[in-house]
Ligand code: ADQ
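Form predicted on its own, single chain, as structure tokens, below.
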Amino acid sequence: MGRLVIVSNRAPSIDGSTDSGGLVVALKDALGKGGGLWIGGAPEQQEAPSDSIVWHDRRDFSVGLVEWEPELYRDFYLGYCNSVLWPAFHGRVDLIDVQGRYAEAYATVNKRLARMIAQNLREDDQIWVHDYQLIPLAQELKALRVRNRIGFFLHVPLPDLHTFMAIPDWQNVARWFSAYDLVGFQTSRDLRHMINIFQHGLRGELRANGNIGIDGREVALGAFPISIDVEGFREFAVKGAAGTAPAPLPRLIGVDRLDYSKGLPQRLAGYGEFLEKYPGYRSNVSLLQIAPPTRNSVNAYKAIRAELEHLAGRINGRFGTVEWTPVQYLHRALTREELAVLFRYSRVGLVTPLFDGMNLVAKEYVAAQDEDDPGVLILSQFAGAAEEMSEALIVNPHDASDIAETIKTALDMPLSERIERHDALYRKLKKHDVTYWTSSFLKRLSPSPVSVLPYHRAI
């Protein structure tokens, strides 16, 4: 078996200093077993274009950094990736901004990256490409006569056929997906969408094994719900809580990037309706909303920030007192250690995106809880996590009344029911942790025949 080669838009740190969370935790063990490589963009893009990968050897694997010209990277990332693909994949076709230079930059970055990767491959390497920034990469590699096994995992949701068709040249995007040997998704929902797109866009033929035939070759498909390092995050919570005082009031908590897909205005509207309808809870609960900035130069993100700040101010002005602030709003990132303690000391976790691939905040909230006195997870029906986490309180994030009533249900829930729901969620979470996710995908990508786990069947 050759090396595992990971390719993503951003590379991990070259010294391991930021390995505490995210994708690197999931993949570092698999990379370390065979001297793997991780190739991605440098943290800061430089003026000089990149003609080759700059390698840095870590103890566990090697990191290859690629640098792009700032203008090219802007049109690639803020342009095509986040002004075309991101809104389309999250069902916001009204926000798609079509510019010719965006598509050109997207194609250029993937073509140049493929050329650099091809120069560093061995015959038995396996390649695992991550997320929507690099969908064309397999097609570009195969144009260079690369014959290695290439897998792709989409971390964001995949929309239905009619929404997907809003992407300019959508059939070409579908063909990029079809160039991979294995395409993985967060949910069976997204998997069904891909099959439908292949069938109607590329005349794909669904096979009995769940794969799909396109142009004389077979593309393997599967749902592989990503997870977290359950024990590691729980340890952060337990250790941190030992030296931290609990919140003075029962706390609701939301932690989301400041993005229009996260349903933040709808969440605040639901919380405001809860306070309006149930005045007995005023001065007796609080909402902590943490929303780190993201993509501030894109107009849609400026708008969502202004709307969120307006709503938080309106709720505080309407219901707040000198002694009590209903909404605490933080527009900055916190460390995973800090978040773990906040989750543990929060009675309700609010995870209410309008459309999400998975949403790992839901899993982190469950992992952080005290099993003897756990909080309650409120989860959007449109989060990928809802497929696995049915013991959460499932809500429609578009319905403020539903959110308000569910908040009351969560706060009033007896301890016995809280323990029962948390125990069921935690047992599933521990069984299907991040190691399970990694090994499941790589088993399917392996060229040797392996059985398909029922957990990942498409049909």
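Numbers for residues come from their place in the sequence shown, where the first is 1. Because the structure is predicted, anything quoted here is derived from the model rather than measured.
There is another form of the same protein, the form predicted in complex with this ligand; it is not shown, and what comes next is about it.
- When contacts are defined as a non-hydrogen atom within 4.5 Å, none of L27, I53 and I117 contacts this ligand in the predicted complex.
- Contact with this ligand in the predicted complex, defined as a heavy atom within 4.5 Å, holds for exactly one of P159, G270, G357, P87, namely G357.
- Site annotation in the predicted complex: the residue of A303, A247, L334, V98 reaching within 4.5 Å of this ligand with a heavy atom is L334.
- This ligand in the predicted complex is approached by Q186, whose closest heavy atom lies within 4.5 angstroms of it.
- This ligand in the predicted complex comes within 4.5 Å of a heavy atom belonging to D256.
- Looking at E364, you'd find a heavy atom of it within 4.5 angstroms of this ligand in the predicted complex.
- Among heavy atoms of I290, some come within 4.5 Å of this ligand in the predicted complex.
- Comparing 280-288, 141-149, 336-344, 169-177 against this ligand in the predicted complex, the single stretch with non-hydrogen atoms within 4.5 angstroms of it is 336-344.
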